[in-house]
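Heads up, the chain below is alone and in the form predicted alone; it's given as structure tokens.
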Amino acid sequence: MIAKKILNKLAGSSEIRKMFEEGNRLKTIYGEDHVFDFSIGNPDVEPPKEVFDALIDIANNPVPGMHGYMSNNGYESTRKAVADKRSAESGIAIAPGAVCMTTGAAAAMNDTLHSILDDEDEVIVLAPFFMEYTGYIENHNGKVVIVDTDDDFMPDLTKISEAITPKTKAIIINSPNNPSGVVYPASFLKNLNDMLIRQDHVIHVIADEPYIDLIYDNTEVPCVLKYIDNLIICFSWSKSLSLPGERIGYTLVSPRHKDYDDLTNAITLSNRTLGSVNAPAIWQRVIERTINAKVDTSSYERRRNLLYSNIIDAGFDAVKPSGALYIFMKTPKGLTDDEFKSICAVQNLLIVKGASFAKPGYARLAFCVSEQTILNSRRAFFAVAEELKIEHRKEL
């Protein structure tokens, strides 16, 4: 028999994956053009040309040992490239030793939490949040403490302060946020740091940053290194370079962190003992050569605008996201998340309920789908609105 804790988790396995599989099933019945699956955030913009060029060059010009082990925290030259980039962005001198190359942000988060959590230590998460945080924290016997945000999905410093106890070990911030797409302002980061450093024990700030390069309307994402002292960054190139299947990312410990030496060593140890051993060798080399490359976000921005118009024009409400790949749409009054999801499903409109992100009353829609899917879905949004007797803001 499998472990009871895993058996319990299987019963409540990812809502996103369930909707994704349902979308595939419906497409076989109704055809691709008649199913509007907004469930999963799988980047569909191809990686930049620099990535392909680097990969081809590395493959065509092999050097002895290029597939061998390296230090558990990664090639020093790759870590230096990351450190130099972050130094230039923040104005803070960062050494290669601050960086540990990981198999994506998920591994980075698990390495970090494994390094800092004792049993029953508490980690504050800000709702709405990426639901896998719960699993990551519980992997290492931590306790999830959920703090709600306001109606615009901005954090409330008073609520965060009230949630802190002697067992609070960390707070996770995710900006641009999944699922809301909001960007936390510099004022929040500064005030959060001021509040945390007044506490009687170190509280780590874990900045989960996979979406920092997916920004729209010329929005600026504040550099967390400038504002947070006891900071650990978890980063992935899954979105910045459209490489989710390659699993390449890193942790970075701020040189201002009180536990800098212990933390950098602990994360490297955790990277090994949790089974990653080291990040993929070839992809470290590719990253080193393409450290300043980014995907073209113009098509994401165009599709965000189209989907947002569908939602608003049909009569629904949503906060327009400044970044990431999602719109967090408000569930119409009088309906539960499940009821609204079921009504949408009748029109083959597949959404993920807000409760999956600890924010009932909303639904997440990923706009990293084809532009044609978004255009075709307009009728479905209007049909749902008509079913619910919601007045359209514009004509179909």
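The structure presented is a predicted model; accordingly, all values stated were derived computationally and were not measured. The numbering used is simple: start at 1 and walk along the sequence shown.
Only in words, not in the display: the form predicted together with a small molecule, which the text now covers.
- Remark: all three candidate residues (Ala106, Tyr133 and Tyr136) come within 4.5 Å of the small molecule in the model of the complex, counting heavy atoms only.
- For the residues Lys239, His204, Arg79, Arg304, the 4.5 Å heavy atom test against the small molecule in the model of the complex is passed only by Lys239.
- Checked against the small molecule in the model of the complex, the candidates Thr251, Asn174, Ser270, Asn73 yield a single residue with a heavy atom inside 4.5 Å, and that residue is Asn174.
- Interface residue remark: Asp111 is not counted as part of the site for the small molecule in the model of the complex, having no heavy atom within 4.5 Å.
- A residue is said to contact a partner when one of its heavy atoms sits within 4.5 Å of a partner heavy atom; Arg247 meets this definition for the small molecule in the model of the complex.
- Shown alone here, Asn310 lies farther than 4.5 Å from the small molecule in the model of the complex, counting heavy atoms only.
- Taking the partner from elsewhere, Gly142 is found to have every heavy atom lying beyond 4.5 Å of the small molecule in the model of the complex.
- Heavy atoms within 4.5 Å of the small molecule in the model of the complex are found in exactly one of 189 to 197, 261 to 269, 147 to 155, 230 to 238, that being 230 to 238.
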